[in-house]
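Encoded as structure tokens, the following chain is the form predicted alone, with no partner shown.
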């Protein structure tokens, strides 16, 4: 199990995420803005490729292909001297953590990938058993912020008092690598702790807190009715809790809540009065980032204008 004391402050490769880039680019610009303000040493590589998460969970990529791509990305991080890979997406986190484990522990997979790399002329990327330190050097951006809560609180420029906040800790963070979660995986408090550092009124527990967002990747499309029923149930729980803001750690979850909240309002004949942010957007906003130019709130489906205007 990870501990806060292990969270790095330097040598961080900020792993680019396709769902962030295409749906909410403000999450990436918010992450870099926050890292700059918090004096975190990081690097963004143009050589890095997608983790294949969408393709993998839609059964378009097999595990070997996904692991080979991950191995290449790990090599890029190591080559540039930024071995602490940090993601803004819980799916990138889950995909890469599994690839780390396979490369270290599964000789058949490792042999096949080494063969692929040799054929491609990547002799310098060959992996040996237990040679991959990314197993212990892989983080989610919320973990990085968790190690900086005191500084975030000290630099906070916004009065969040009275703002009721609820967190959605993504399944691909706390349900897949169960033994590698900071705190209690049955009741994760990472987002809550970061939000508290800025003086918000955090709703630490609400009905259906651990319920999935309902996306399920392909389920959003092939079982749309079931998918939206799950999301509707979660939104109803949040409505009963009387929240103003829901914080996320995964762009896929944010898509499910933010993009489909207006759809659910129409199809289920209801109305919700809360808005959505990724934890990176929240931290950047607290540290003084421009809501549009940096946080990119204009890309959201649920408008944040009234909420932002209510902040002091």
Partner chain sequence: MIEEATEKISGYEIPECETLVEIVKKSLRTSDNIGIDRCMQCGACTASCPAARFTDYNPRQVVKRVMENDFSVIEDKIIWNCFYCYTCHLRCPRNNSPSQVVQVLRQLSINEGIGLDKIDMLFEYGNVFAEMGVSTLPPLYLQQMKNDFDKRWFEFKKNLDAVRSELELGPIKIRENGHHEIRIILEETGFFERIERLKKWQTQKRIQNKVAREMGNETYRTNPE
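In this text, all values refer to a predicted model and were calculated from it rather than measured experimentally. Residue numbers count along the first chain shown, from 1.
Another form, the form predicted together with the partner chain, is not on view; read the next lines as being about it.
- Note on the interface: of 181-189, 156-164, 195-203, 138-146, the segment with non-hydrogen atoms within 4.5 angstroms of the partner chain in the model of the complex is 181-189.
- Among residues of the shown chain, residue 63 is one whose heavy atoms approach the partner chain to within 4.5 Å in the model of the complex.
- Mapping the unseen interface onto this chain, residue 259 counts among the residues with a heavy atom inside 4.5 Å of the partner chain in the model of the complex.
- Mapping the unseen interface onto this chain, residue 241 falls outside it, with no heavy atom inside 4.5 Å of the partner chain in the model of the complex.
- Proximity of residue 96 to the partner chain in the model of the complex falls outside the 4.5 Å heavy atom cutoff.
- When the partner chain is considered in the model of the complex, only one residue from 152, 235, 171, 100 comes within 4.5 Å through any heavy atom, namely 171.
- Residue-level contacts in the model of the complex: of 40, 286, 68, 275, one residue has a heavy atom within 4.5 Å of the partner chain, and it is 68.
- Proximity of 8, 245 and 312 to the partner chain in the model of the complex is absent: no residue of the three has a non-hydrogen atom within 4.5 angstroms.
- Contact annotation for 216-242: residues with any non-hydrogen atom within 4.5 angstroms of the partner chain in the model of the complex are 216, 217, 218, 219, 220, 221, 222, 223, 224, 226, 227, 229, 230, 233, listed in sequence order.
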